[in-house]
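Have a look below at one chain only, the form predicted alone, in structure tokens format.
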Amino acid sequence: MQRQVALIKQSLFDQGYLDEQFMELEELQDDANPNFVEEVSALYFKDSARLINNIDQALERGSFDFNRLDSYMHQFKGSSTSIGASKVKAECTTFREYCRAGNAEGCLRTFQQLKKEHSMLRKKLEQYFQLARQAGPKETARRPK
């Protein structure tokens, strides 16, 4: 089962969903806090759901406040960076570029893609953490090959 956990984690890196920052988080996990990464991820998804809702509401108004949208996305990008969510972070960067250019259509299109990437990451991490819990204690700080 440990092998399955390692393969799932490797696929998250290979597919570009996660980057080195995720490994840095795993290195902070120890016997005293064995669920650290899962807890940090849960907080990320809770906070990012709030940000997605705020951005959705701002976009639904129709009058694009690019400064406010950029501010929300700056927060989203920061929290995505902190857990190593590389695809989500890339979409945040693109969204912010569209905000700076005043491109409403680009913002809308990118936000839809960001929500897809965010949802996919959530699903994949939930599978990873579920399998990791079933497998029991492991060496979490091993870097994927």
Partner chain sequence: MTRNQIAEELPNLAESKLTALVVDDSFVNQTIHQKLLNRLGIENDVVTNGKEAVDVYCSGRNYDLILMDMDMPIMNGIQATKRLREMGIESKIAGVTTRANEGEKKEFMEAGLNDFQEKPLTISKLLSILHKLNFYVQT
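Numbering follows the first chain given and starts at 1. All figures in this text were calculated on a predicted structure; none of them were measured in a lab.
One more form of this protein exists, namely the form predicted in complex with its partner chain; it is left out here, but the text below deals with it.
Enquirer: Quick one: find which of 57-65, 115-123, 81-89, 102-110 has residues within 4.5 Å of its partner chain in the predicted complex by heavy atom distance.
Expert: Contact criterion met by 81-89 only.
Enquirer: Within a 4.5 Å heavy atom cut-off, is residue 27 in contact with its partner chain in the predicted complex?
Expert: Contact with its partner chain, yes.
Enquirer: Does residue 98 reach its partner chain in the predicted complex if we count a contact as any heavy atom within 4.5 Å?
Expert: Output for residue 98 is no: heavy atoms all beyond 4.5 Å of its partner chain.
Enquirer: Contact with its partner chain in the predicted complex for residue 130, defined as at least one heavy atom pair within 4.5 Å: yes or no?
Expert: No, residue 130 sits far enough from its partner chain in the predicted complex that none of its heavy atoms falls within 4.5 Å.
Enquirer: Whether residue 49 contacts its partner chain in the predicted complex should be assessed with a 4.5 Å heavy atom distance threshold; does it?
Expert: Residue 49 lies outside the contact set for its partner chain.
Enquirer: Counting only non-hydrogen atoms and a 4.5 Å cut-off, give the residues of 40-71 close to its partner chain in the predicted complex.
Expert: Heavy-atom contacts within 4.5 Å come from 40, 43, 44.
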